[in-house]
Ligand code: FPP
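Just one chain is shown here, as structure tokens, and it is the form predicted alone.
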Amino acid sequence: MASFDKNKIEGLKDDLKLVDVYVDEYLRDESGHTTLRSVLSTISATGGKKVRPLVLLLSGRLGPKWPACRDRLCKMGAAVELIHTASLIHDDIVDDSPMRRRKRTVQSKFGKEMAVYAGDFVLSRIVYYLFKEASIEAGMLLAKTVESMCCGEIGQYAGSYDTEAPIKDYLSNIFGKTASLFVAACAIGAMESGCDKKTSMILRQVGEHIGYLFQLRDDLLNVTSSTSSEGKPVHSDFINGIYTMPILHALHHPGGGRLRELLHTIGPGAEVSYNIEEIEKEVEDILNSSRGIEFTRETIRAHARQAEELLETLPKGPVPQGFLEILELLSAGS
């Protein structure tokens, strides 16, 4: 995803810098443990585009409490970003990922055991600071969101290598693992700034569409890009039995039988020797001929249109325009 122009909205760049300040504060080592300090430094250095804090900050500019709630919004933005960070640390363990954002992952640098505890440490810090700020309602929402994220990931791995899996299960999983945190970010921004119920509901729905866009775009790139994304090898999803929308659509349409054969060839317990490059090429051909790729692009465009329609119901101004720019960046090329 290309970079969002933070300078288009007055003060937004400074708000995101303040989010970074709070992220560093929340990750500050108070134990004096040398190894922990090194782990936390690695986590802080991973960077990222901070899209989730961004949608929270944008949502927070629509309520009557803005700008008085600015500092609190930045603290909540830091909490949301760190939940995302903790989930990535755990994802990298499961996927055995050596790199993320062109830097070594915690599990690659310090080992899987250390990475598990590092992810847990980050989550514990979020809980502490939410209580410290008396953010009970936001804390409850984020706790339910983490629950949804875990359910989405569990659902995904429970369905690994299932060539009969329905698309509705995939959509349910990606809502949990990705979209739910975007919904929570928009909801917290609306809540902390005092938005009315109608505006809050619109923002939650916009966040949901952005979350789906985010994941669908990532899944599409994994089967169409010629280069790896953030250290995640191209085609790694279907090779590891994670069947995303392009694959699932193709499995349920003409050509699905041959695709099923190919996926079983590289599945667990397969005894036939194979050339992975030849299989990858044939899978790509099937995805194109069965419209699996095009169907995913159409779904991305549909989510973008629905989000745009929702944004049109909000008062005109820099905030809806900011959301529209995010939608444009996520749906670019689709």
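The numbering used is simple: start at 1 and walk along the sequence shown. Given the structure is predicted, the values throughout are model-derived calculations rather than measurements.
Same protein, other form: the form predicted together with ligand FPP, not shown, and the subject of what follows.
Think of it this way: in the predicted bound form, ligand FPP has a heavy atom of just one of Leu123, Met114, Ile167, Leu141 within 4.5 Å, and the residue is Leu123.
Interface residue among Ser108, Ser135, Ser87, Ser200, judged by heavy atoms within 4.5 Å of ligand FPP in the predicted bound form: Ser87. Although the partner is absent from the chain shown here, Asp95, Glu153 and Thr178 each have a heavy atom within 4.5 Å of ligand FPP in the predicted bound form. With the partner left out here, ligand FPP still marks one of 249-257, 183-191, 142-150, 73-81 in the predicted bound form; by a 4.5 Å heavy atom cut-off that stretch is 142-150. Taking the partner from the other structure, ligand FPP in the predicted bound form has a heavy atom within 4.5 Å of a heavy atom of Arg100. In the predicted bound form, none of the heavy atoms of Thr163 sits within 4.5 Å of a heavy atom of ligand FPP.
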